[in-house]
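For reference, the chain that follows is the form predicted on its own, supplied as structure tokens.
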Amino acid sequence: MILYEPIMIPSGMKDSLGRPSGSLLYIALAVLISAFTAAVLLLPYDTVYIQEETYLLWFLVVMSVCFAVFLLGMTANALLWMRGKGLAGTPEARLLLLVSRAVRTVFSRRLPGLLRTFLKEAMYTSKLRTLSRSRWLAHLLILGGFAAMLVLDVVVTICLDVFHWSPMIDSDGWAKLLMRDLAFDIAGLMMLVGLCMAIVRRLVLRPRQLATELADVASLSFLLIIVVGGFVLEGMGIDGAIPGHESENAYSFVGLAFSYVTPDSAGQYYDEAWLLHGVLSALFVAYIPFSKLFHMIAAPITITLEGLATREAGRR
């Protein structure tokens, strides 16, 4: 399989080199989880507009635990990839080699080519487009919206809680309006449309070649609840004039639409709704490695590595 060609340990490598790799791998995981938990708990969160600080603490604890579960689940799946007959060394050694090569690639001249392959083959899924336009569009909207929301969440969190950047904090700041309001709504709407298309295709149209299992319905439903819940929460914030939602609501155009059907008294339950949405989002992250949603991460990585291996083989 092409995926293993650029990452497998050479057959002549001594097995003794792979023996301590298991401990090294799990030490690295423990350090990563600890660093993430410390960063999450130590951020000031001055711009999280909820009155109950206990709710924020509960969310941070749940998110830290769910991140650990996600990372361990992803590692377990990756170790399954690293198993195979005729491959030298332990699965942990091959995984560490893959990670080290990936890090070196990020800081090398090969990065532009890798990014082009990733965007074209993994995100745009050009091959899927030739097979089914509707399936391709649904996949593009879901994956693109998810990736955009992930990037936005990281950028916004850094701007708010690390640099305290006023254009991102001020209620009328251009960055707040364009990124926290408009960009998030566009990304969420992309996911919502893509999820609706996928659900209709699986439950209504039901193509003969498409087998729909309970796991498929559960994954799509879980993600749909989170996306819709985010817009409901935004509507409650607008309706209740919660800080961060009280001005220029036209930029939050989807949340504004939800606010029109939100009861006037819903704003007083904003803290509880915020905690519920946050916990569900964290649980979704922990659920990914153990569900069919795992392909959202596995497929782009696999496609990118295979594309890179193919390009390298063609140059030889």
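Residue positions are given as counts along the sequence shown, with the first one as 1. Everything numeric here is computed off the predicted structure, so don't read it as measured data.
There is another form of the same protein, the form predicted in complex with a small molecule; it is not shown, and what comes next is about it.
At a distance threshold of 4.5 angstroms between non-hydrogen atoms, D185 is in contact with the small molecule in the predicted bound form. Contact annotation: F231 falls within 4.5 Å of the small molecule in the predicted bound form, judged by heavy atom distances. With a 4.5 Å cutoff on heavy atoms, L96 does not count as touching the small molecule in the predicted bound form; it lies far away.
The small molecule is not drawn, but in the predicted bound form it has no heavy atom within 4.5 Å of W81. Using a 4.5 Å cut-off to the small molecule in the predicted bound form, not one of F36, F70 and V155 places a heavy atom inside that distance. In summary, among the residues Y26, W58, Y269, Y49, the only one with a non-hydrogen atom within 4.5 Å of the small molecule in the predicted bound form is Y49. Here is the short version: of S291, S64, S281, T262, the single residue with a heavy atom within 4.5 Å of the small molecule in the predicted bound form is S281. Listed stretches are 160-168, 109-117, 96-104, 142-150; the contact stretch with the small molecule in the predicted bound form is 142-150, by a heavy atom cutoff of 4.5 Å.
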